[in-house]
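Before any questions on binding or motion, here is one chain by itself as C-alpha cells, the form predicted alone.
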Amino acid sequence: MQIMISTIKSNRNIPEVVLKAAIHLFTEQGYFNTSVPDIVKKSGVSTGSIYHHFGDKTGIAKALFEMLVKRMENAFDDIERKHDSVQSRLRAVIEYLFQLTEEEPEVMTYMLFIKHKEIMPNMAPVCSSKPFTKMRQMVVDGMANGEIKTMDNMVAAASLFGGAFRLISLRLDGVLERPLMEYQDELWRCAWQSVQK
C-alpha cells in the first residue's frame, strides 16, 4: 500500500488519517512526547478506532515504518526497471531521496532520525531494511559489472551515499537554504569519481 503522506485528504480511510497525524507529531515533538490522545486530537479519529486498527502507539509507529519502507522499496524497484547502468541507478536513487526530502520532509525525518530501536527494540535497524540493502546491492552489482572499482562495498556505499545523506540532514536541520537538487550535480560528480573504475 503506497500512501503519499502529504496528499491524504479524506477522513474515510482511518489508518491513513492516523498515520498522517502520527508522522507529523512524531517528527515535530518526538515519539515519546506524543500520546495517543495527541494523535486522537490531531487526526479526529476516536481512541477506540486507533486501538482497533493499530493496537497502541507502538503499533502506529511500526505500521508507519513498514509503509514507508515498502514505499521506498517500490521506488527503488522502479529505478532499477528504468535504468540500465548501475551509475544511472545510483544517481537516480540520490535524486529520489533529494526530491522526497524536499516534498515530504517528515517522511525523511521519520525514516532517518527517529530512533526506531528505542520504540521497537526487536526491529532491525533502518540501515538493514530492504531499501538500504538494495542500495548496497546496487554498489556490489557495479563492482561485478566493472562500473565501480573493487573495494570494500561498505566503503563504496558510504562514498556514494554518505554525502547525500549529510546534505539531507543539513537541509532538514535548516542549515542549507537552497533546495537539494541545486547540489545534486556537483555532489554526484564527487561521489562517482571516488568509486568509478
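Position 1 is the first residue in the sequence shown; the rest follow in order. Model, not experiment: these values are computed from the prediction.
Same protein, other form: the form predicted together with a further copy of the same chain, not shown, and the subject of what follows.
- With a further copy of the same chain left out of view, the stretch that reaches within 4.5 Å of it through heavy atoms in the predicted bound form is, among 144-152, 61-69, 35-43, 48-56, 144-152.
- Heavy atoms of P131 never reach within 4.5 Å of a further copy of the same chain in the predicted bound form, leaving it off the interface.
- A residue is said to contact a partner when one of its heavy atoms sits within 4.5 Å of a partner heavy atom; L176 meets this definition for a further copy of the same chain in the predicted bound form.
- Taking the partner from the other structure, a further copy of the same chain in the predicted bound form has a heavy atom within 4.5 Å of a heavy atom of E118.
- Contact between L187 and a further copy of the same chain in the predicted bound form is found at the 4.5 Å heavy atom cutoff.
- Relative to a further copy of the same chain in the predicted bound form, residues A158, R166 and Y183 are all within 4.5 Å by at least one heavy atom.
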